[in-house]
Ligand SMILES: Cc1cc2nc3c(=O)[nH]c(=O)nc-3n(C[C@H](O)[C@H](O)[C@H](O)COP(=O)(O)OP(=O)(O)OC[C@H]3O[C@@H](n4cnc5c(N)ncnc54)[C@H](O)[C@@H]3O)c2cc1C
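Next comes just one chain, in structure tokens: the form predicted on its own.
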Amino acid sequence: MTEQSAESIGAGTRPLRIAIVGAGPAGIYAADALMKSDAEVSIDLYERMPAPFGLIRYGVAPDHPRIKGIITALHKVLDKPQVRLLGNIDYGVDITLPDLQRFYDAVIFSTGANADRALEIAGIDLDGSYGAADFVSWYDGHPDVPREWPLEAEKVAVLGVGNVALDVARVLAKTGDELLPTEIPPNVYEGLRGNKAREVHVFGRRGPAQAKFTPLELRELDHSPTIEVIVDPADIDYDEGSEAARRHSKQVDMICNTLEQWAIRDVGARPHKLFLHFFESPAEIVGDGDGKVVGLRTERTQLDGTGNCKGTGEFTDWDIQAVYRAVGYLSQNIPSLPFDEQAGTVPNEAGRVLVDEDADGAARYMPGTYVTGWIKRGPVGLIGHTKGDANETIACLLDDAATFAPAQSPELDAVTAFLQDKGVPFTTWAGWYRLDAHERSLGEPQGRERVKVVEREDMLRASEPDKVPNS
């Protein structure tokens, strides 16, 4: 093609060509922000899975249709003619950063965080010690994880007091039949139906005022007819810092009020017991001679006046046969980009990828390369925070647009021809509509909204036109 000036891109000669790697909420919100700007844009949204929506599809518990309703809003963005979905494409394998730079004027990475953050305590590698993210991927039907999950433990510990910890605890405590009306695939139902857990213990290192879950998530624990939620009155304690947190946050106060009510009520007769423990810091996962989990040792903590806690030297051994750590998600290194291993993020300033500083201390950025979402700020905040992230990143991108080196091959069919020549079986937005219809058809005979398809090949087959998927 003829060489174009950067100033002409997006201003009449041709649209600004943008690649977004990661089709979860962060990537879709970035696409939405671009389309709402004054610039003329053409966006390709890349996704490693055959289906879009990221952690909304593969990270939200199946009994949370309220949160999954966010997909409706994301759907409207992907329906826009300026955006194109290219799924089942593994960045770094099927396409690289130099490839993308050939086809696009700028690249945004919104790859999120889907691995478990490490917890450095003795026994963490024992048989029966699991990461919460791995368990979530299993019960959400992720195509790249095993189809079976060991659910032999009768007494289970969950380490952490965030929303993911509550999701894991709730799924472990519910019966398979309770979850059957959701979209869980058959292998997950069969696994949960055989789950032997009767006690689930959730452990938090600090107190009720420092818990990280939301009030709605907390209250939902008590909605199941099979789960008895139990809080020890001794764990209801506040210092000056905790009281200040309650005064300044309605959410914190609501959490504390709910826990206080549960602590003073009589224990009922529901068959599965879910204990919420505070001021218990995990010290060691205890194993037997065969390397299997047989217990959990915690150290009692106490408040120090500021809302933080310190150890008391008093230890408790709990009869536990499986431990799930839910201490946070971690992003994974992105090929060709700098990466902060400790923070689990790509170094950036307001979304611009930061390479280093020059001799005068001025920031040097990777040209035409940006990040948004958890890979930008770390796995913190709710989905709503992702919109602000996207707006900030897109504002920087548009400010920089005049400096972009124009793509060598910006034509729409250039990149799809490249993928076809490599033999990459990519999916499209039209393919998602076909997969969506297929999953709904699987659920209809059972009165369910959908049954999620798990196998990648089955997802690809259902996404193709004129193919009859395996049922």
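In this text, residue numbers run from 1 along the sequence as written. Because the structure is a prediction, the values reported are computed rather than measured.
Here the subject shifts to the form predicted together with this ligand, a form of this protein not shown in this document.
With the partner omitted here, the residue from 369, 348, 386, 298 that has a non-hydrogen atom within 4.5 angstroms of this ligand in the predicted bound form is 386. 167 is the sole member of 167, 183, 105, 280 with a non-hydrogen atom within 4.5 Å of this ligand in the predicted bound form. Contact annotation: residue 49 falls within 4.5 Å of this ligand in the predicted bound form, judged by heavy atom distances. In the predicted bound form, this ligand lies within 4.5 Å of some heavy atom of residue 23.
Interface residue remark: residue 91 is counted as part of the site for this ligand in the predicted bound form, having a heavy atom within 4.5 Å.
Heavy atoms of residue 62 never reach within 4.5 Å of this ligand in the predicted bound form, leaving it off the interface. Using a 4.5 angstroms heavy atom cutoff to this ligand in the predicted bound form, all of 67, 113 and 373 count as contacting. Screening 35 to 43, 52 to 60, 440 to 448, 426 to 434 for residues having heavy atoms within 4.5 Å of this ligand in the predicted bound form returns a single hit, 52 to 60.
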